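Below, in structure tokens: the form predicted alone, a single chain.
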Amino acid sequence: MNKVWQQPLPTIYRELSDAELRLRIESAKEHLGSRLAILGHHYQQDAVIDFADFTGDSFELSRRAADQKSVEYVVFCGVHFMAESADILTDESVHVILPDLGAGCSMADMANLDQTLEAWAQLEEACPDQLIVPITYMNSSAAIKAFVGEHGGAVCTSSNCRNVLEWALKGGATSSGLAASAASYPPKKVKILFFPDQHLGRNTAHAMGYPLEKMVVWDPREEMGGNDPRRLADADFVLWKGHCSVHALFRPEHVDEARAKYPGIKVMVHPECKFEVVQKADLAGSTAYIVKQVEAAPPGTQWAIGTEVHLIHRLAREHPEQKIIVLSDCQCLCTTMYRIDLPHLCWVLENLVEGKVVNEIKVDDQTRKWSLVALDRMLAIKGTGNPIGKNQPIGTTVD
């Protein structure tokens, strides 16, 4: 992975009014035409979403970009790992740009490759008679996705996590089948190393019927992840000690308070929330799931939703026939994604008009190769879409 640094934003872009910025962005978009695709993640602020050609979840957006045959420039209004995924999926001639390189993801940053290699070595030594299958959430770096691909595992999203875990428990890629039957289980115990979000892993495994006693948390800052060797060997799931800084803000008492204030309200949360919150909620699902539930609900439905605040406010405006509130009064916003704003968007677009590419995100060939392996496995497990290797068609949305 190449290392690039955020250039200082020219002062003029901070001095322009919103109206002036909008006018200049529109002009740049018109000039670039079909050579440009702007992607806006659901959690992005509204002013930026106004200029997005496509809005959605991270992987869905990357695939939409890859499906644009004439595109030369992809401006991803999201965070760093999302732009990496877009670079992996699009043709190598396409330039993927992140308007502000400071827009990272705290969860993705909680698992780096050096820590992962050390954890893998310790797990193999502690559990020599077990098959360890690594699974990583989409919210991880390209380096982690590549590690997973090279070691027989797959990527998952919050909506297909259960399918991927079921596949992994049958031996992952070593089972020689993406449609492995119960009879094809490997002879030795399978252990899943799941990262970087412990909460998605715990919530999904519990929903599959696994007790909490069969799960341990791996703290990369401690020897053996801070675990007793015997309990570590007995566990079915090793959950990396990572979390989403937004979804971790929601607490069980927020659910109780919402129900007390609004009798009959439905509580819906993202599975990145803590186990105790998910257990109290009526529904839990991915960002796409949350959007679809609101869209399908009848007028008069009341929702208290536990996810990023920009999306919730947008849903409330789009569905005035329903009552939609944030589960907590805390400022539950993705602060790093909030770094993407109109001044940065205008700056990168006007540079493109001048023939200059700034803030490009580029994944090296080896990382791209193994990341694609991990992503291809996910799609094959899901059974909804074609492989996404080079020159392969793009299938249906997975997020």
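Because the structure is predicted, anything quoted here is derived from the model rather than measured. From 1 onward, residues are counted along the sequence shown.
There is also a form predicted in complex with 1,3-dihydroxyacetonephosphate (13P); it is not shown, and the following applies to it.
- Taken together, the three residues N139, H270 and S286 all lie with some non-hydrogen atom within 4.5 angstroms of 1,3-dihydroxyacetonephosphate (13P) in the model of the complex.
- Of the stretches 113-121, 294-302, 214-222, 270-278, only 270-278 has residues with a heavy atom within 4.5 Å of 1,3-dihydroxyacetonephosphate (13P) in the model of the complex.
- 1,3-dihydroxyacetonephosphate (13P) in the model of the complex is not approached by N359, whose heavy atoms all lie more than 4.5 angstroms from it.
- Residue contact check for F147: none of its heavy atoms lie within 4.5 Å of 1,3-dihydroxyacetonephosphate (13P) in the model of the complex.
- Not displayed here, 1,3-dihydroxyacetonephosphate (13P) is approached by M82 to within 4.5 Å at the level of heavy atoms in the model of the complex.
- Of the heavy atoms in S58, some are within 4.5 Å of 1,3-dihydroxyacetonephosphate (13P) in the model of the complex.
- Taking H247, K191, H199, K170 one by one, only a single residue has any non-hydrogen atom within 4.5 Å of 1,3-dihydroxyacetonephosphate (13P) in the model of the complex, and it is H247.
- Heavy atoms closer than or equal to 4.5 Å to 1,3-dihydroxyacetonephosphate (13P) in the model of the complex belong, across 30-45, to the residues H41, Y43, ordered by sequence position.
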